[in-house]
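Single chain ahead, by itself, as structure tokens, in the form predicted alone.
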């Protein structure tokens, strides 16, 4: 089971850093109940093993003038691995696309996009996305408001699963 090879302190470190990636190592060590040097070693090991992929600031798009958020459902003409990979690579080059997820079902991809305004998004939609090779259809849903945006994973659920397995 993923997460099972981590001990309780490693999971506590991950939960604390997920909630506040800016805290000092000393504060992190205090919260998880160990001294600073082994805490730092554990954090570096978690980074090296890929449990921690990076640290970032949670930037408010609207404060920076990106007032439009849109989810875009994309169907492709062909779902060959080469075409799927090509579309993913194309998404990587589009700055307005902030997330790209391949799905199972009627839709091949869902994209999360941000734009300064509807005109900018429409320009991207008609000039780049719908004009891209292998795109069969596109449906968009404009975000009215965001009711929840939790990063990462629910560590309480992980702990409950591990307790049931023990």
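Numbering follows the first chain given and starts at 1. From a predicted model like this one, the values you see are computed outputs, not experimental measurements.
What comes next is about the form predicted in complex with the DNA, which does not appear here.
- Look at 96-104, 58-66, 131-139, 39-47: in the model of the complex, residues with non-hydrogen atoms within 4.5 angstroms of the DNA sit in 39-47.
- Using a 4.5 angstroms threshold between heavy atoms, residue 52 stays clear of the DNA in the model of the complex.
- In the model of the complex, the DNA sits within 4.5 Å of a heavy atom belonging to residue 35.
- A residue is said to contact a partner when one of its heavy atoms sits within 4.5 Å of a partner heavy atom; residue 110 fails this definition for the DNA in the model of the complex, lying far away.
- In the model of the complex, the DNA sits within 4.5 Å of a heavy atom of residue 26.
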